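One chain is shown next in C-alpha cells, namely the form predicted alone.
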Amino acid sequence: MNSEQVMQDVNKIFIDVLDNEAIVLSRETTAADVEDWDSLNHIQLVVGIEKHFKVKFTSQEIRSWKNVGEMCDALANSLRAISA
C-alpha cells in the first residue's frame, strides 16, 4: 500500500468519524484545520485508523504527531513492520 492509498483511506476514516463529506486531508492538515476535530474525536479517529489498518500506536507516537502527514508516516512505519 503506497502513501497515496494510505492517505485516501485515512481521509475516508475522517469523513466517517467526523460525519463530514467535505473533508479533504493533506499532509499539512492539523486539528485546527478540520471542524469538529477535537480531543474526543481525535481518539475516535486513532481507533478507527488502528482498526482499519490492524495496527496499534503507542501513546507516545500519538502525542508526537503534529499533522496528518506525521500520522500517516507512523502508520506507514507500522504497516512496514507488520509486512516484514
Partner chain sequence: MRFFELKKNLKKDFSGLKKTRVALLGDSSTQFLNQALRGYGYEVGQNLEIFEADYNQIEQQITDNSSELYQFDPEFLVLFQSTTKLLKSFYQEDKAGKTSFAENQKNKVSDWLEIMRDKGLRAKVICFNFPELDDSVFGNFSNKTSTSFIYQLRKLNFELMELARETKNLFICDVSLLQNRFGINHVFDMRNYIEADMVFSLDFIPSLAKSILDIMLANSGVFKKCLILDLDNTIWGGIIGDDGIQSIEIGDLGMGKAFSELQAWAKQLKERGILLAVCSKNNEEIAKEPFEKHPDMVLRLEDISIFVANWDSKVDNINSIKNFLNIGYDSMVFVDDNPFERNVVREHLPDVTVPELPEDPAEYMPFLRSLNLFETASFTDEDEHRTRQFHEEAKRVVLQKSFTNENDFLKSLNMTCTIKPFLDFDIPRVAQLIQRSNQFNLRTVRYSEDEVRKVAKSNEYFHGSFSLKDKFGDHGLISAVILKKIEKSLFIDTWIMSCRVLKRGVECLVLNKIIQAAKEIGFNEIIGEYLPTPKNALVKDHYLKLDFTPMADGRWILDVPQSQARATFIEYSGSL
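Positions refer to the first chain, counted from 1. Keep in mind that this is a model prediction, so the values were computed, not measured.
Below, we turn to the form predicted together with the partner chain, even though it does not appear here.
- When contacts are judged by a 4.5 Å heavy atom cut-off, Ala76 does not count as touching the partner chain in the predicted bound form.
- The closest heavy atom approach of Ile62 to the partner chain in the predicted bound form falls within 4.5 Å.
- At a distance threshold of 4.5 angstroms between non-hydrogen atoms, Phe57 is in contact with the partner chain in the predicted bound form.
- Although the partner is absent here, Asp16 sits close enough that one of its heavy atoms falls within 4.5 Å of the partner chain in the predicted bound form.
- Contacts to the partner chain in the predicted bound form (heavy atom within 4.5 Å) from stretch 14-44: Asp16, Val17, Asp19, Leu40, Asn41, Ile43, Gln44.
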